[in-house]
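As structure tokens, one chain now follows by itself in the form predicted on its own.
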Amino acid sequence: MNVLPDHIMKKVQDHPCYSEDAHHYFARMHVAVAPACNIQCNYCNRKYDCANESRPGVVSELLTPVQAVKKTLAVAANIPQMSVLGVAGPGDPLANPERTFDTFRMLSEQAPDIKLCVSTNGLSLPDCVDELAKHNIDHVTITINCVDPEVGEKIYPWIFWQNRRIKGREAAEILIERQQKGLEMLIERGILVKVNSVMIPGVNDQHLAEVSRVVKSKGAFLHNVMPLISEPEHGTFYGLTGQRGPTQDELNDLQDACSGDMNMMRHCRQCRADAVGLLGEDRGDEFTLDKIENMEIDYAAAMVVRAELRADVIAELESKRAAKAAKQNVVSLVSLSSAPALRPVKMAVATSGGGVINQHFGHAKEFLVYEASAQGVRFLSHRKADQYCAGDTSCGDGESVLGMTIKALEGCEVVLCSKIGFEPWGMLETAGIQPNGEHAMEPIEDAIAAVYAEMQAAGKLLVQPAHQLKSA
């Protein structure tokens, strides 16, 4: 990800969805107050009460604005690093303007330290920009999958616009025009815009680089290209008709093609519409309405703790950012004279947050994947995995679970974690993945750089190893 300008960094430094650094430290929360949607997407199926399903549009409880505010205060009091409250569904927030803006109005009054943001398909956006600005919402995400109606009619079966259902190319033309108009209006008011795009192989994958170029030219500062989720059990049109999602290599290649001068978001988790906690975790079941009823919430006291934590973490992030910039200006990982002969290496990391390697291999439910090269360390993606160990000493389903985790790490040559057991160590080595527990509690990028330098000193970077797979 390119370095953000200072004026943007100040706005997003504690926003986990907008800042790659912040997502290690700050939590977010989505409240499901918006049930209705004004468009139909071939990749979407809004579901209720799907506690084990993690994807956009899924919720367990639909909330009223009053319930949403009560839940937000409870979460913020118990998770002091929660910095952002967003309305992202399960329908479209701006197709439910009264419910959405009632929620924002009450939270602005009762929890002014929480950053408010909204995610929308953009159809109703131009009609709501003034109201968004009135509530001091300075972050908006628009899902823009195309700027060409011919592509759009393959993605959107219909829109509901001006009290009528419109289909086909006309629907796509209206939606695209409204999205672009809304984007321009937000930028005019100084509101930051992130654009989400779903990568659909054979439909818009060759077109998204143009989408990135267009939205950047109009002022969007961040582009998040996400993979299509198309498992048939989700019941979407694409899932039921066999449309495949992209491979990790295809996604990474497209993200690289779109990057250029545009900042790319690579740490997105495609969260549920009622997600709670750090990215990559969901603590929503701790804050169901029945549990909140029994909580004593002193939000005034919690605000003091939250302010102290935010100041400390932001100071730490600024220090790390300055140190990283200084290091990049002085020296790369290895000498430039040898850089052309060295190949990049993908490494997986087990972390529970904080930007450090602090998780046991067997406890990880996801791994962060980085690429180390002579030019530096960059974050690529995250990989979901089944938790191999259920506790500190008991590990469950053995080889079946471990085998799926190793498959999820395909293409990686090293996995860094705080600890790892004898059995997974051996199976990882057999699969051509080197376990490494020597950098526990160290900053992720520093540890990866150290391992890469060790591999270079040992002469392991000059020849492509036989086990290296193309899959990312």
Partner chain sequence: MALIINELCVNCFACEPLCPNKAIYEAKPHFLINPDLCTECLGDHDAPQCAEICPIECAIEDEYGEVLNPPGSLTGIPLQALQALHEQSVLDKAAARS
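Residue numbers count along the first chain shown, from 1. In this text the structure is predicted, and so the values were computed from the model without any measurement.
What comes next is about the form predicted together with the partner chain, which is not displayed.
- Among the candidates 167, 134, 365, 189, the residue which, in the predicted complex, approaches the partner chain to within 4.5 Å (heavy atoms): The option sitting close enough to the partner is 167.
- Task: Heavy atom within 4.5 Å of the partner chain in the predicted complex: which of 376, 232, 344, 219 fits that? Just give me the one.
- Result: That would be 232.
- Item | the partner chain contact at residue 354 in the predicted complex, heavy atom, 4.5 Å | Residue 354 lies outside the contact set for the partner chain.
- Task: Spell out, yes or no, whether the shortest heavy atom distance between residue 42 and the partner chain in the predicted complex is within 4.5 Å.
- Result: Yes.
- Message: residue 209 versus the partner chain, in the predicted complex: is there a non-hydrogen atom within 4.5 Å?
- Response: Because no heavy atom of residue 209 falls inside 4.5 Å of the partner chain in the predicted complex, the answer is no.
- So in the predicted complex, does any heavy atom of residue 36 sit within 4.5 Å of the partner chain? Residue 36: contacts the partner chain in the predicted complex.
- Message: Within 4.5 angstroms, counting heavy atoms, which one of the listed stretches 233-241, 299-307, 201-209, 284-292 is next to the partner chain in the predicted complex?
- Response: The contacting stretch is 233-241.
- Query: What residues of 146-165, in sequence order, lie within 4.5 Å of the partner chain in the predicted complex by heavy atom?
  - Reply: Residues within 4.5 Å: 157, 158, 160, 163, 164, 165.
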